[in-house]
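In the form predicted alone, a lone chain appears below as structure tokens.
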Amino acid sequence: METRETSKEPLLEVKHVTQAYGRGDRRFVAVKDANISIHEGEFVALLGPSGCGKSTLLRIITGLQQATAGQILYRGERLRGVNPHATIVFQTFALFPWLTVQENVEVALQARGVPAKLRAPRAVELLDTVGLDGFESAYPRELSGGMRQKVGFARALAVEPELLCLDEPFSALDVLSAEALRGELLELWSSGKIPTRAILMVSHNIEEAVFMADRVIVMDKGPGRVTAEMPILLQHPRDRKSYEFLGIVDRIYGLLAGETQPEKVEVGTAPGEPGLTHPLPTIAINDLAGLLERLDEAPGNRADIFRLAGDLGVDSDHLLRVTEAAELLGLVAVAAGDITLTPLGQTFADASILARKEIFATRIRRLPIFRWAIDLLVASEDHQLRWDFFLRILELEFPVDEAERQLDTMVNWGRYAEVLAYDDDTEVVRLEAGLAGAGGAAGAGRNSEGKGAKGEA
């Protein structure tokens, strides 16, 4: 597979870009002081955990969203409005179901101003380029997920973008379809069969980024920021089992996992207090238990996070979320890409079902966001408050979608710990019996009346 030459002057420059929502003390910073440059001939992956602002930065780069501060330069000129030289392929297929495959591509050509008589042959040519010749008259419902995403690629290429932006384009596909499409995209890119001068791909899949990109830019959250860059100096096609490939993946796992911080830093502050409200990782409790049990069986109760992902058969983003939750609860410690059970984590792994609940309840009640919720419920009439009441306050701390995820996670964790109950019919969050007298320091009670969390434990 050929390697494309890169230019000396940057095609795109991101300079001190910040994206914030809200005002004053309640301002949420999604991206902070990001600086990135991309050159012609480069395939760059923007890699980081969910919620680190990768997709936000991609929308700013393409001009679909205006940054709060900083600037985007394209070929040395400041970008104002939508970038006419860039286009995005999203993770969802975003096809018009009432149009055929060919008509879906022709829509993009029409928007570009291509005369009607030239649209059909050009659309057929593009579909042939991505391997869909023969499916021009099919409707999206007749296609597999991988084929629908190919239509999305053809439509994006119809505008002949210099910069092709990919927002997790393979994440909605099954494993085999995603693998095939990655290979086909790399073939089109390296062979020069598409007019694109550079590709910027957002991903949370570490192996995917190392397999495809010439350079990986690592982001972290709280707030979203660029923390590292790593060139991938491996020739294509890349061998995922090679020592060099595995070594790079392992180093990136270490960068993303970071190191366990002192408890005060890890847990953050409560809503309404000065400082950062630490978001709860969106995980299932069973996954947390499974991680701790696996570590309990490992030599020295320690494992390499990268190898652990392979052993458990989970993607990097999922494992890092579970790891973050375990850190937050004081059940593991992370350093230099390794994860180790703490004594409390070992106790949890060896405990009975009821004992695990008690440990979990004790640990979540020390988190500021739980102390805040419990104190509000203790002070309220009948020790219950509507779901929307909590949601409105959390929306001062987080974007709207994230605020709802946080509340959902808080209620799910609280129900598992038998600290909170939730009635889906009345949309009321209630303090469990026996907790009203002690506030945030209360002991766990029994959940006898809740009708089901909005998510699963």
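Being a predicted model, the structure only gives us computed values, none of them experimental. Position 1 is the first residue in the sequence shown; the rest follow in order.
Keep in mind the form predicted in complex with a small molecule is missing from the figure; the text below concerns it.
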*Work out which of the listed stretches, 34-42, 421-429, 408-416, 394-402, brings a heavy atom within 4.5 angstroms of the small molecule in the predicted bound form.*
394-402
*Applying a 4.5 Å heavy atom distance criterion, does residue 70 contact the small molecule in the predicted bound form?*
no
*Report whether the minimum heavy atom distance between residue 61 and the small molecule in the predicted bound form is within 4.5 Å.*
no
*Spell out, yes or no, whether the shortest heavy atom distance between residue 390 and the small molecule in the predicted bound form is within 4.5 Å.*
no
*Three residues, 227, 251 and 255; all within 4.5 Å of the small molecule in the predicted bound form via heavy atoms?*
no
